[in-house]
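Presented below, as structure tokens, is a lone chain in the form predicted alone.
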Amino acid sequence: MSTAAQYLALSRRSVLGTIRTPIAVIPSLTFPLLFLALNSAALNRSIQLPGFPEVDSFLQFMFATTVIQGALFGAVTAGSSMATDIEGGFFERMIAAPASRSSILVGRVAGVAVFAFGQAWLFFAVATVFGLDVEGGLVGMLGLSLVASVVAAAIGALSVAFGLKTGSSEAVQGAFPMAFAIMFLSSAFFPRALMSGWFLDVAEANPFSYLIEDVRYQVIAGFSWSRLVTALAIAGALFAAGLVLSGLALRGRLKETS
């Protein structure tokens, strides 16, 4: 079997495994949408504040955040699934087979990236029913979906590194609320123009602020190549860091099992 075929087979296994695991799918699909609904109802009047971006509704302002938040939820399953493979002995069978070592990582990461891309369009369909208007149109939505996919791959790679290091799915699930804390300490839920004090300082230093603002632009203002490229560059840098860490963790795990 060629390396490409191995990548495809393991990616397919990852996607199907995620879909067939309700405990992984349901939170990823429902929590971001529930959070979107609650915030849209409670904070819709805040769009009238001076300095708030010009939007049709808080739903429109929050939508990009919801897509990225869903990608984060889904991405953590890559690390927990990797740890489950280690606990169940599948990982040992994989490394005993004549398979590319990199396919072990690529399969998991590609799986969550594909899931995040499809999930973004599902969120789009649901939010459209409740009045969402993406100013960038389908092209803007495609750009947002691509960024969400790369973000999922980045966080997925980081979670895989943690899963390889610990070999415990519970440890992965317990550690990765930190990813959501990083998101809360950004401009994901409120514009920086209306922040002050230490929270503004943290948000301005947080790369997630700029990533979300650039994809939010596609929703509230219109499609922009420059902003999309910037968002993809930030997500790509996170992905590169995740690949390095997961590669090092895989090397360490292989030494332990040899």
Partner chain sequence: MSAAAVTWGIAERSVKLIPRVPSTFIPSLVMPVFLTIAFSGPFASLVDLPGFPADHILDWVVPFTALQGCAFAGITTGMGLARDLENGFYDRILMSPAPRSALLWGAFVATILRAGIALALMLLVGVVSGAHFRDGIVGIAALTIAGLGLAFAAGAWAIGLALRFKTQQIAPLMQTGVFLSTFLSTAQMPVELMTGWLDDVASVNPVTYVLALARQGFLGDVTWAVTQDGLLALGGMIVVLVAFAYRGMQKVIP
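In this text the structure is predicted, and so the values were computed from the model without any measurement. Numbering follows the first chain given and starts at 1.
The protein also exists as the form predicted in complex with its partner chain; that form is not presented, and the subsequent description refers to it.
Taking 43, 221, 229, 26 one by one, only a single residue has any non-hydrogen atom within 4.5 Å of its partner chain in the predicted bound form, and it is 43. Within 4.5 Å of any heavy atom of its partner chain in the predicted bound form lies no heavy atom of residue 233. Looking at residue 210, you'd find every heavy atom of it more than 4.5 angstroms from its partner chain in the predicted bound form. Looking at residue 55, you'd find every heavy atom of it more than 4.5 angstroms from its partner chain in the predicted bound form. In the predicted bound form, no heavy atom of residue 205 sits within 4.5 Å of its partner chain. Using a 4.5 Å cut-off to its partner chain in the predicted bound form, not one of 117, 124 and 142 places a heavy atom inside that distance. Look at 181-189, 67-75, 107-115, 156-164: in the predicted bound form, residues with non-hydrogen atoms within 4.5 angstroms of its partner chain sit in 181-189.
Interface residues of 192-222, taken as those with a heavy atom within 4.5 Å of its partner chain in the predicted bound form (partner not displayed): 194, 195, 198, 199, in sequence order.
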